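Given as structure tokens, the chain that follows is alone and in the form predicted on its own.
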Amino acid sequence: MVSQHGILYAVHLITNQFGNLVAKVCECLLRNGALTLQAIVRRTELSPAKVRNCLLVLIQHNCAQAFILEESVSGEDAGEPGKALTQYIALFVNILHRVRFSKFMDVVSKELGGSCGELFRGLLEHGRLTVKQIVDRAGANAKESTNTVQEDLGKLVMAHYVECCPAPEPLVPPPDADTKKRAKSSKVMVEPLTLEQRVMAVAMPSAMRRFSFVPNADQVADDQQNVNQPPSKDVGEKRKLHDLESDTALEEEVECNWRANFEELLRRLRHKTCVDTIKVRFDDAAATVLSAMLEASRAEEDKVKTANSVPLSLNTIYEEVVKNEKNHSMTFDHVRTCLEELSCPPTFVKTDDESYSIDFTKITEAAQSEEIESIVLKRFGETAYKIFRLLFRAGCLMETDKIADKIFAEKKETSKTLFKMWQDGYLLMEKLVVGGTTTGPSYGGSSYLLWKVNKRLLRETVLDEMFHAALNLNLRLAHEIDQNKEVLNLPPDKREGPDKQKFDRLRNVRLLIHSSLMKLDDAIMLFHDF
């Protein structure tokens, strides 16, 4: 469930990039869930043509997905087979990714080089492209340039940074009744899949199809025959019947649309966060060992929020460490020592019969708790910081006097701080009455106030506040730009005196706000995506 400030923030991002009409349709989907075209028209009071165009923009840029949901028709048509209606759902996560394009570009450029990064930029800007459109955008007029572009695209697909687009209108079956029963009877709490997750699970092609790229066969044939004539068909066009029969998979590949694979990019950013967290808590050597484990087990991860990595032997980890020339000085015993340190409580690395696996959940929770502690310290002060650390680690209800004794603070100050944190949603409070009767509140008995940190609710509260802060920063940036339109429209050689001072101030403000937004988005990813 997306919070109110999360919806407002997502709508603001869509408004800035695609305008008010597209944002209106997007907000309608975010607030109401999956809707048919007719339902969106009724709620937005826009014409069907405008709504359809807005939906096409959102789908093109991977911010919405069309699907068909099987459902039985009640009322007058009862007894008839279920009708299939095309519905549309907003992809909130992909909307948030639009502010992370610079981070994604940095990941791709560092690993695969600038040419692949430039190719990847086109997919981020345009959402979905065919091979022909990718080649045309790169300005590949000669055969050598075309081959280079296709080689770069092949590298991106091989690294899983680019994927084949999902099915345009997948048929989504209703939730399995047997699955519901198993989840109900099971003692382990199983979180049911959301509609968005179910839709995307059905829409995504198989792994082989999703990450399979074959260069343009027509171009290859022309190169072999050395024919100085234009090819008979462009990339993306259908072939003749005998070509289709001889190579169906290649034909499907030619027709495929390609887009950025946000899941793989998020995994890379999650790995970076894990390494940074370990580096702060331990040292560079421990971070190096963890980074090697992440690289060795990367291929086995099938989703972003993987709880644990696959088990790795000590030899495998050491071999991965010394692959980097900078780590040749690390000995086998040094790697073993680092693993033993990481295996100590809170156990960031699990050990089992000489094999080691990363506990992503523990590392993520540690990073989240550090972020929340920093917020509490800045917002409520040192006393609140001590209280929060005590209650967060205790994980149970604790009475006011006991809290004051544990942190060596006055009871009055402790009580005042507790109430302030409770009012802002950082603590839960329960009242316990001992003795007395039910004729009145604590009549004839004693009452005690008990305090506790609910980690799940607290993370939701903090995440909503982060969305609110990001929205405010974006609105402040828009206000600053609007107030200085005249200065921005002046030619550089005419900005003198007060105008130059205003321009310099605006430039500094924009740099500061953009920097703050990037750091804030790192925190949002930590709580929302990791």
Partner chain sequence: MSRLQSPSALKRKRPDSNSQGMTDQESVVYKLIHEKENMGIWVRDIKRSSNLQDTIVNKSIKTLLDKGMIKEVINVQNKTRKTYLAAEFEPSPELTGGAWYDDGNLDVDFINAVKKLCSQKIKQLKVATVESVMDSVKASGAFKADLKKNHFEEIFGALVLDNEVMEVESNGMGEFAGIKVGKVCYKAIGKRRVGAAAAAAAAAEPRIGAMASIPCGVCPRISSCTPDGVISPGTCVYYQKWLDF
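Computed from a prediction, not measured in an experiment: that's the story for all the values here. Positions refer to the first chain, counted from 1.
Absent from the display: the form predicted together with its partner chain. The rest refers to it.
Its partner chain is not shown here, but in the predicted complex it comes within 4.5 Å of a heavy atom of residue 516.
The closest heavy atom approach of residue 523 to its partner chain in the predicted complex falls within 4.5 Å. Contact annotation: residue 469 falls within 4.5 Å of its partner chain in the predicted complex, judged by heavy atom distances. Interface residue remark: residue 191 is not counted as part of the site for its partner chain in the predicted complex, having no heavy atom within 4.5 Å. Taken together, the three residues 169, 295 and 460 lack any non-hydrogen atom within 4.5 angstroms of its partner chain in the predicted complex. In terms of contact with its partner chain in the predicted complex, the residue from 411, 209, 350, 455 that brings a heavy atom within 4.5 Å is 411. Contact with its partner chain in the predicted complex, judged by any heavy atom within 4.5 Å, is made by just one of 151, 319, 365, 401: 401. In short, of 366-374, 197-205, 90-98, 353-361 it is 366-374 that has heavy atoms within 4.5 Å of its partner chain in the predicted complex. Contacts to its partner chain in the predicted complex (heavy atom within 4.5 Å) from stretch 32-57: none.
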